[in-house]
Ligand SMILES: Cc1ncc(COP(=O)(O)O)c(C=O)c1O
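Take a look at this one chain, the form predicted on its own, written out in structure tokens.
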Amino acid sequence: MRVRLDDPQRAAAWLAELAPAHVRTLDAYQPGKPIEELERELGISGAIKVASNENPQGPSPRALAAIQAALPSIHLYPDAAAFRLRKALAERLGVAEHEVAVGAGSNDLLYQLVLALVGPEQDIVTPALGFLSYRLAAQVAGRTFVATAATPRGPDIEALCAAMTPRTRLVIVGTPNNPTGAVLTRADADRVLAVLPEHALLVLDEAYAEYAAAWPEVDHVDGLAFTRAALAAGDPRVVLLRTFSKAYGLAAMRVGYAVAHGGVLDLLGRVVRTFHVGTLGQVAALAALDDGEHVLRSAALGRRGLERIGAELARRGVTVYPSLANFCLVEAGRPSAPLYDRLLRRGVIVRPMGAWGLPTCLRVSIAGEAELDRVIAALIDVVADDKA
């Protein structure tokens, strides 16, 4: 029978029958507004984007050179196993090659974990106020998502532990957490692992680990050391996720990696898309891995930026939550959506946090040294104007 979709109501009804309920109710991920879009809408130039936690320092020159050198070979399929990159990562991280997997960003590996390991009657547990993709990955697969108590200062660890049941397959914790910047302490990680069900995995999402390393005086778990210790003890229940998108400045290349027991990564390999990390991403990440100075400069820039934003706003009575990432969460004390619009008109793109359940907060990424003055001035004018 031919289906006619010229009637909008009939089209909507047809689509409702076409897709399962868990897909129809999904909220699509909304990325930060692009600079070009804002400038086109408002007829302005020189806008600054501090909404997507990107590295204002950009990529390593070594990565750019590697991309340029690889361009003549882009008619060939990439190495599906990412052999050279995985080998280099294993050597750098002090693990075996079969304990490293590469994905199209750490977000890709997160989806692989859900698809490969979480069955229809099992669930994913994570603190509230976490990265939206934790929930989206569960919903895309039609799996149960359990969010436990948390504040912008960190998760309630006992609530997280209490939520684990025999149904639990993944416990995901971002540290530093996006969007709050809060971290898991080593004692917190030990506590969670101690009560983790036998057939569950603790996933430490450390997309901002290199930035956290710039704050050695702050107690936070070293996910790599924690994962290696678990592996050495014969415990396969810890998975570490990291990315080249943040401190390495390769967000457009989409490269991330996981460190875990080889058997766990073998299961991920059964659901992965073929050729999911392209040649340019692989060579860029390999080159960036050797530019430690670039990463250290990026991390230092992140710390300086957060200290400046925090100090300037605190002097004006605005709360900025502690963060060990390259962004901070600003408590405006009133609905943030209008403040977001006012900042756009000043050419500054931040991220309103209503979708995270934080309707009075804005997330602000660090900017480069030359742009940070403008960002801070705009925040003072818009967010702190009635708090002085």
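Residue indices: 1-based, along the sequence shown. Keep in mind the model is a prediction, meaning the values are calculated, not measured.
This next part talks about the form predicted in complex with the ligand, which is not shown.
For the ligand, considered in the predicted bound form: do all three of Tyr211, Tyr248 and Ser298 come within 4.5 Å of it, counting heavy atoms only? No, none of Tyr211, Tyr248 and Ser298 comes within 4.5 Å of the ligand in the predicted bound form.
Taking 4.5 angstroms as the heavy atom distance cut-off, pick the stretch from 203 to 211, 223 to 231, 117 to 125, 271 to 279 that is near the ligand in the predicted bound form. Looking at the partner contacts, the answer comes out as 203 to 211.
Taking the ligand in the predicted bound form as the reference, which of His261, Arg169, Arg86, Arg254 has a non-hydrogen atom within 4.5 Å? When the ligand is considered in the predicted bound form, the option within 4.5 Å is Arg254.
Going by a heavy atom distance of 4.5 Å, is Gly105 a contact of the ligand in the predicted bound form? Yes, contact at 4.5 Å.
Quick one: does Phe131 come within 4.5 Å of the ligand in the predicted bound form, counting heavy atoms only? Close contact exists here: in the predicted bound form, Phe131 approaches the ligand to within 4.5 Å, heavy atoms only.
Could you tell me if Gln112 has a non-hydrogen atom within 4.5 Å of the ligand in the predicted bound form? The answer is no: Gln112 has no heavy atom within 4.5 Å of the ligand.
Heavy atom of Asn178 within 4.5 Å of the ligand in the predicted bound form: Flag for Asn178 set to yes.
Heavy atoms within 4.5 Å of the ligand in the predicted bound form is the criterion; list the residues of 323 to 361 that meet it. If the 4.5 Å heavy-atom criterion is applied to the ligand in the predicted bound form, 323 to 361 yields nothing.
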